[in-house]
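This document starts with one chain, in the form predicted alone, laid out as structure tokens.
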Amino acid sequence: MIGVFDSGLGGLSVLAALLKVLPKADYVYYADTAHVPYGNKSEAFITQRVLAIGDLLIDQGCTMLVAACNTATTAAVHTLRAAHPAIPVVGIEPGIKPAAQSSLTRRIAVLATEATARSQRLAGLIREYATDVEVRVVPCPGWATYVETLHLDDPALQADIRARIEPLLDQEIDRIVLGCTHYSFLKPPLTEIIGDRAQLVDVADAVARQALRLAGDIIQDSGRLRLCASANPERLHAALPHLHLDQIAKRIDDPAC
């Protein structure tokens, strides 16, 4: 069984990618909705939550963990791996490497939560993979909350997206990295503003491929799926049609979790 977790709804974008490459695996998706968003929390608090969720998922029988949250990965994936050395742990990181490799203008941007934007892990990725390109890191406070509350068409959000993206395009940035899994659900308004002037870089499919490489016998499970949350689990289930995730809704085995 694969345990997938995030602070809230964002990791569902990664779960959707996992279901495509590992359709027969059993899954538990855990949303830490009692503490969403993680982006404005301290690293110590995020680490404590990640370790608690890891323990919970392993107690439920998970033999692989996927941290489907950039902020959680940035703050705590090393600690989680150290706590459970026998369990494969797949994290998610902003796609700095593919963005830097493919950029034609040699200018890229990273849209991130406040915690990810200030993290040493992101700075390390930039040093490792983007030394020959100009990188703009753009904190996007509040975006994850708009997704969580399903206010995707809120005029205030639309205005904030435009205010952050248009200056990047004016600077000839041609790759824009989605540094939070919640932002995958903002692709429509982002694409409308960007047009053909830049490309969005999302790594959900790459995370799914890494999970496939590590899956082992998990791929021969029965294809069951449970969605769980630390608060208001019914909102997690109700969000699926609004996020166009009917393929996940059809797979749910225990709607009461």
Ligand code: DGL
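Residue numbers here begin at 1 and follow the sequence given. As the structure is a prediction and not an experimental result, all values here were calculated from the model.
Another form, the form predicted in complex with the ligand, is not on view; read the next lines as being about it.
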query: Contact label in the predicted complex: G54 to the ligand, heavy atom within 4.5 Å; finding: no
query: Partner proximity in the predicted complex: A144 to the ligand, non-hydrogen atom cutoff 4.5 Å; finding: yes
query: I108, heavy atom within 4.5 angstroms of the ligand in the predicted complex; finding: no
query: Proximity of A75 to the ligand in the predicted complex, heavy atoms at 4.5 Å; finding: no
query: Interface segment, criterion being heavy atoms within 4.5 Å of the ligand in the predicted complex, picked from 150-158, 82-90, 117-125, 174-182; finding: 174-182
query: Neighbours of the ligand in the predicted complex among 69-85 [non-hydrogen atom within 4.5 angstroms]; finding: C69, N70, T71
